[in-house]
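In C-alpha coordinates, one chain follows: the form predicted on its own.
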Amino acid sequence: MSEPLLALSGVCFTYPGTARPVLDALDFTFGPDERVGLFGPNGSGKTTLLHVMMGLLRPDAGAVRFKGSPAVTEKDFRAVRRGIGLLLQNADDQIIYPTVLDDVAFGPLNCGLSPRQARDKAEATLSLLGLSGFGPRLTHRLSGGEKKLVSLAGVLAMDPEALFLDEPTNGLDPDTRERIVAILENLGKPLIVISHDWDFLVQVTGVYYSIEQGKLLHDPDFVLHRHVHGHPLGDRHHHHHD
(Lines give C-alpha, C1' and ligand atoms only; values in the text may rest on other atoms or scores of the structure.)
Protein backbone atom coordinates (compact mmCIF):
# COMPACT_ATOMS: atom_id res chain seq x y z
CA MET A 1 0.00 0.00 0.00
CA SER A 2 1.41 3.39 -0.96
CA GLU A 3 2.22 5.96 1.70
CA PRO A 4 -0.58 8.40 2.56
CA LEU A 5 -0.33 11.96 1.31
CA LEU A 6 -1.85 13.19 4.56
CA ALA A 7 -2.56 11.44 7.85
CA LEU A 8 -4.30 12.89 10.90
CA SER A 9 -4.24 11.19 14.29
CA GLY A 10 -6.14 12.31 17.37
CA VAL A 11 -6.76 15.78 15.96
CA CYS A 12 -8.82 18.12 18.16
CA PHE A 13 -9.92 21.61 17.30
CA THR A 14 -12.21 24.02 19.14
CA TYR A 15 -12.87 27.58 18.01
CA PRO A 16 -11.98 30.19 20.66
CA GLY A 17 -14.92 31.18 22.80
CA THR A 18 -16.86 27.97 22.12
CA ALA A 19 -17.20 24.91 24.32
CA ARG A 20 -17.84 22.09 21.89
CA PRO A 21 -14.93 20.79 19.78
CA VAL A 22 -15.49 20.86 16.03
CA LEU A 23 -12.96 18.06 15.57
CA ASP A 24 -12.69 15.61 18.47
CA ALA A 25 -9.80 13.09 18.48
CA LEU A 26 -10.31 12.70 14.73
CA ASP A 27 -8.29 10.20 12.68
CA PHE A 28 -8.07 10.29 8.89
CA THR A 29 -5.78 8.96 6.18
CA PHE A 30 -5.77 10.34 2.63
CA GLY A 31 -3.99 8.25 0.02
CA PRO A 32 -2.44 9.28 -3.32
CA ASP A 33 -5.16 7.59 -5.40
CA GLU A 34 -8.25 8.44 -3.37
CA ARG A 35 -11.19 10.60 -4.39
CA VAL A 36 -13.10 11.50 -1.26
CA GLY A 37 -16.50 13.15 -0.98
CA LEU A 38 -17.20 14.98 2.28
CA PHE A 39 -20.80 15.86 3.09
CA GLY A 40 -22.93 16.91 6.03
CA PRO A 41 -24.77 19.90 7.46
CA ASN A 42 -23.25 23.36 7.59
CA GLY A 43 -21.18 23.84 10.71
CA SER A 44 -20.32 20.16 11.12
CA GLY A 45 -16.59 20.76 10.60
CA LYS A 46 -15.96 19.90 6.96
CA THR A 47 -14.20 23.16 6.05
CA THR A 48 -12.39 23.20 9.41
CA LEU A 49 -10.96 19.76 8.63
CA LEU A 50 -9.54 20.92 5.28
CA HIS A 51 -8.08 24.05 6.89
CA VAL A 52 -6.39 22.00 9.62
CA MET A 53 -4.87 19.69 6.99
CA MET A 54 -3.55 22.71 5.09
CA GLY A 55 -2.18 24.45 8.19
CA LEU A 56 -4.58 27.39 7.94
CA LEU A 57 -5.83 26.35 11.39
CA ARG A 58 -3.62 24.64 13.94
CA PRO A 59 -5.09 21.77 15.99
CA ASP A 60 -5.32 21.99 19.78
CA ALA A 61 -4.07 18.40 19.99
CA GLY A 62 -3.11 15.53 17.71
CA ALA A 63 -0.76 15.23 14.77
CA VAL A 64 -0.76 15.99 11.04
CA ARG A 65 1.69 14.15 8.78
CA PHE A 66 2.42 14.93 5.12
CA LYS A 67 4.05 12.12 3.12
CA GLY A 68 5.09 10.50 6.38
CA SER A 69 6.74 13.58 7.92
CA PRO A 70 5.22 15.62 10.78
CA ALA A 71 3.65 18.92 9.70
CA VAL A 72 4.06 21.28 12.65
CA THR A 73 5.75 24.53 11.64
CA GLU A 74 4.74 27.07 9.02
CA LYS A 75 7.64 25.80 6.87
CA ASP A 76 6.20 22.28 7.06
CA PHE A 77 2.79 23.50 5.97
CA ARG A 78 4.25 25.53 3.10
CA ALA A 79 5.34 22.16 1.68
CA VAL A 80 1.79 20.87 2.18
CA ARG A 81 0.35 23.88 0.35
CA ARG A 82 2.80 23.43 -2.54
CA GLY A 83 1.69 19.81 -2.92
CA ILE A 84 -2.04 20.24 -2.39
CA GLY A 85 -4.19 22.88 -4.08
CA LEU A 86 -7.02 24.26 -1.95
CA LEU A 87 -10.06 25.89 -3.54
CA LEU A 88 -11.75 28.04 -0.90
CA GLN A 89 -15.52 28.13 -0.61
CA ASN A 90 -15.64 31.89 -1.26
CA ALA A 91 -13.76 32.91 -4.42
CA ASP A 92 -13.40 36.48 -3.15
CA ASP A 93 -11.15 35.12 -0.37
CA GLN A 94 -8.85 33.56 -2.98
CA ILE A 95 -8.60 36.19 -5.72
CA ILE A 96 -6.06 38.86 -4.78
CA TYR A 97 -4.98 40.58 -8.01
CA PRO A 98 -6.96 43.10 -10.08
CA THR A 99 -6.61 41.24 -13.40
CA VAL A 100 -7.38 37.60 -14.13
CA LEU A 101 -3.99 36.86 -15.72
CA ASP A 102 -1.99 38.32 -12.82
CA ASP A 103 -4.09 36.36 -10.34
CA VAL A 104 -3.70 33.00 -12.08
CA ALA A 105 0.03 33.61 -12.74
CA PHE A 106 0.72 34.42 -9.06
CA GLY A 107 1.09 30.78 -7.97
CA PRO A 108 3.42 29.70 -10.78
CA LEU A 109 5.58 32.80 -10.15
CA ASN A 110 5.81 31.85 -6.48
CA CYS A 111 6.87 28.35 -7.52
CA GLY A 112 9.88 29.76 -9.37
CA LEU A 113 8.70 30.12 -12.95
CA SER A 114 9.88 33.12 -14.95
CA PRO A 115 7.30 35.85 -15.70
CA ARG A 116 6.97 34.56 -19.28
CA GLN A 117 6.60 30.93 -18.14
CA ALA A 118 4.05 31.94 -15.48
CA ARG A 119 2.07 33.92 -18.04
CA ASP A 120 2.07 30.99 -20.48
CA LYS A 121 1.01 28.61 -17.72
CA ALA A 122 -1.78 30.95 -16.65
CA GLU A 123 -3.07 31.35 -20.20
CA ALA A 124 -3.00 27.58 -20.81
CA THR A 125 -4.91 26.93 -17.58
CA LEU A 126 -7.51 29.59 -18.40
CA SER A 127 -7.96 27.98 -21.81
CA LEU A 128 -8.44 24.57 -20.14
CA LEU A 129 -11.30 26.05 -18.11
CA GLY A 130 -12.91 27.70 -21.14
CA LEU A 131 -11.69 31.17 -20.15
CA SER A 132 -9.51 32.01 -23.14
CA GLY A 133 -9.26 35.79 -23.50
CA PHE A 134 -10.12 36.42 -19.84
CA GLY A 135 -6.55 37.45 -18.95
CA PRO A 136 -7.01 41.26 -19.14
CA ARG A 137 -10.41 41.24 -17.44
CA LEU A 138 -10.82 42.88 -14.03
CA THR A 139 -11.49 40.31 -11.34
CA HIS A 140 -13.92 42.50 -9.38
CA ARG A 141 -16.19 42.70 -12.43
CA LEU A 142 -16.52 38.96 -12.90
CA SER A 143 -19.72 37.10 -12.07
CA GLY A 144 -19.77 34.72 -9.12
CA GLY A 145 -19.36 31.69 -11.36
CA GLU A 146 -16.52 33.32 -13.31
CA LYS A 147 -14.73 34.14 -10.04
CA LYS A 148 -15.06 30.50 -8.98
CA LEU A 149 -13.48 29.37 -12.26
CA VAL A 150 -10.66 31.91 -12.01
CA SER A 151 -9.87 30.83 -8.45
CA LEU A 152 -9.84 27.20 -9.63
CA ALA A 153 -7.51 28.20 -12.48
CA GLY A 154 -5.15 29.73 -9.91
CA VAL A 155 -5.09 26.42 -8.03
CA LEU A 156 -4.61 24.24 -11.13
CA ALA A 157 -1.87 26.50 -12.55
CA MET A 158 0.40 25.37 -9.69
CA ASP A 159 0.20 21.70 -10.82
CA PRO A 160 -0.62 20.36 -7.35
CA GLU A 161 -0.34 16.65 -6.59
CA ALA A 162 -3.84 16.66 -5.08
CA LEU A 163 -6.84 18.98 -4.81
CA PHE A 164 -9.04 19.99 -1.89
CA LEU A 165 -12.21 21.64 -3.22
CA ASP A 166 -14.70 23.35 -0.90
CA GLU A 167 -18.14 23.66 -2.56
CA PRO A 168 -16.64 23.98 -6.08
CA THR A 169 -19.98 24.08 -7.92
CA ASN A 170 -21.54 26.96 -5.96
CA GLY A 171 -22.64 29.68 -8.36
CA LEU A 172 -21.91 27.67 -11.52
CA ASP A 173 -24.39 27.22 -14.35
CA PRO A 174 -25.01 23.61 -15.51
CA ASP A 175 -22.70 23.83 -18.54
CA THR A 176 -19.80 25.17 -16.50
CA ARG A 177 -20.43 22.58 -13.81
CA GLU A 178 -20.19 19.78 -16.39
CA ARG A 179 -16.96 21.31 -17.70
CA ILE A 180 -15.52 21.13 -14.17
CA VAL A 181 -16.58 17.48 -13.92
CA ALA A 182 -14.78 16.68 -17.18
CA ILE A 183 -11.63 18.56 -16.12
CA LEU A 184 -11.44 16.79 -12.76
CA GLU A 185 -11.97 13.40 -14.39
CA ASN A 186 -9.24 14.07 -16.96
CA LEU A 187 -6.76 15.36 -14.35
CA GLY A 188 -6.78 12.03 -12.55
CA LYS A 189 -5.51 13.63 -9.33
CA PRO A 190 -6.51 12.60 -5.80
CA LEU A 191 -9.30 14.79 -4.44
CA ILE A 192 -11.20 15.74 -1.34
CA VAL A 193 -14.43 17.51 -2.28
CA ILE A 194 -16.88 19.17 0.10
CA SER A 195 -20.25 19.56 -1.56
CA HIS A 196 -23.99 19.59 -1.03
CA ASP A 197 -24.30 18.77 -4.74
CA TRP A 198 -24.93 15.01 -4.66
CA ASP A 199 -24.75 14.53 -8.42
CA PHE A 200 -21.40 16.29 -8.55
CA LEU A 201 -19.98 14.16 -5.72
CA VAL A 202 -21.00 10.92 -7.38
CA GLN A 203 -19.40 12.03 -10.66
CA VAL A 204 -15.99 13.01 -9.26
CA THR A 205 -15.48 10.99 -6.04
CA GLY A 206 -15.89 7.40 -4.94
CA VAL A 207 -15.45 7.28 -1.13
CA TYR A 208 -17.76 9.21 1.18
CA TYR A 209 -17.43 10.58 4.70
CA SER A 210 -19.47 12.78 6.98
CA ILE A 211 -18.53 14.53 10.23
CA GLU A 212 -20.74 14.03 13.25
CA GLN A 213 -19.95 15.21 16.78
CA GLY A 214 -16.34 15.87 15.81
CA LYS A 215 -15.74 12.40 14.34
CA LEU A 216 -15.22 11.42 10.72
CA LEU A 217 -17.64 8.68 9.73
CA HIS A 218 -17.15 6.39 6.75
CA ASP A 219 -19.78 3.92 5.60
CA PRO A 220 -18.19 1.50 3.10
CA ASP A 221 -21.66 0.31 2.05
CA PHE A 222 -22.96 3.83 1.38
CA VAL A 223 -23.45 4.54 -2.32
CA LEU A 224 -24.42 7.92 -3.73
CA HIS A 225 -26.65 7.81 -6.77
CA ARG A 226 -27.61 10.45 -9.28
CA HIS A 227 -31.24 11.48 -9.05
CA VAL A 228 -33.49 14.46 -9.45
CA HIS A 229 -36.41 14.94 -7.09
CA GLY A 230 -37.94 17.23 -4.53
CA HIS A 231 -37.59 16.09 -0.94
CA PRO A 232 -38.75 17.58 2.38
CA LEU A 233 -35.30 16.96 3.88
CA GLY A 234 -33.68 19.26 1.32
CA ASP A 235 -29.92 18.67 1.14
CA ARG A 236 -29.73 16.66 4.38
CA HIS A 237 -28.52 13.07 4.03
CA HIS A 238 -31.54 10.79 3.72
CA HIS A 239 -32.39 7.21 2.85
CA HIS A 240 -34.86 5.93 0.28
CA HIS A 241 -37.20 3.06 1.03
CA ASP A 242 -38.73 0.69 -1.49
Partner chain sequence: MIDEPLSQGASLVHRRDPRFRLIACLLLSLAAALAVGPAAPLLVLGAGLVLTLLARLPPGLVLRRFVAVNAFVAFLWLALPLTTPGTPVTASFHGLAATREGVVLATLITLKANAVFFCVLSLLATIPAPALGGAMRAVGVPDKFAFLFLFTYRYLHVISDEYGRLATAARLRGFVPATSTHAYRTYAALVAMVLVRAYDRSRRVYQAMVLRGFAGRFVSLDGFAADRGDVAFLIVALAVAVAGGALEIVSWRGHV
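Residue numbers count along the first chain shown, from 1. Not measured: the values here are computed from a predicted model.
The discussion below concerns the form predicted together with the partner chain, not included here.
Colleague: Residue 54: heavy atom within 4.5 Å of the partner chain in the predicted complex?
Modeller: Answer yes; at least one heavy atom of residue 54 falls within 4.5 Å of the partner chain in the predicted complex.
Colleague: Can any non-hydrogen atom of residue 74 be found within 4.5 angstroms of the partner chain in the predicted complex?
Modeller: Yes, contact at 4.5 Å.
Colleague: How about residue 95: is it within 4.5 Å of the partner chain in the predicted complex, going by heavy atoms?
Modeller: Yes, residue 95 sits close enough to the partner chain in the predicted complex that at least one of its heavy atoms falls within 4.5 Å.
Colleague: Quick check on residue 168: any heavy atom within 4.5 Å of the partner chain in the predicted complex?
Modeller: Flag for residue 168 set to no.
Colleague: Just to be sure I understand the contacts: of 158, 172, 131, 162, which is the one whose heavy atoms reach within 4.5 angstroms of the partner chain in the predicted complex?
Modeller: Residue within 4.5 Å of the partner: 158.
Colleague: In the predicted complex, does each of 2, 11 and 31 have a heavy atom within 4.5 Å of the partner chain?
Modeller: Contact check failed for every one of 2, 11 and 31.
Colleague: Quick one: name the residues from 66 to 88 with any non-hydrogen atom within 4.5 angstroms of the partner chain in the predicted complex.
Modeller: Counting only heavy atoms within 4.5 Å of the partner chain in the predicted complex, the contacting residues of 66 to 88 are 74, 78, 81, 86, 88.
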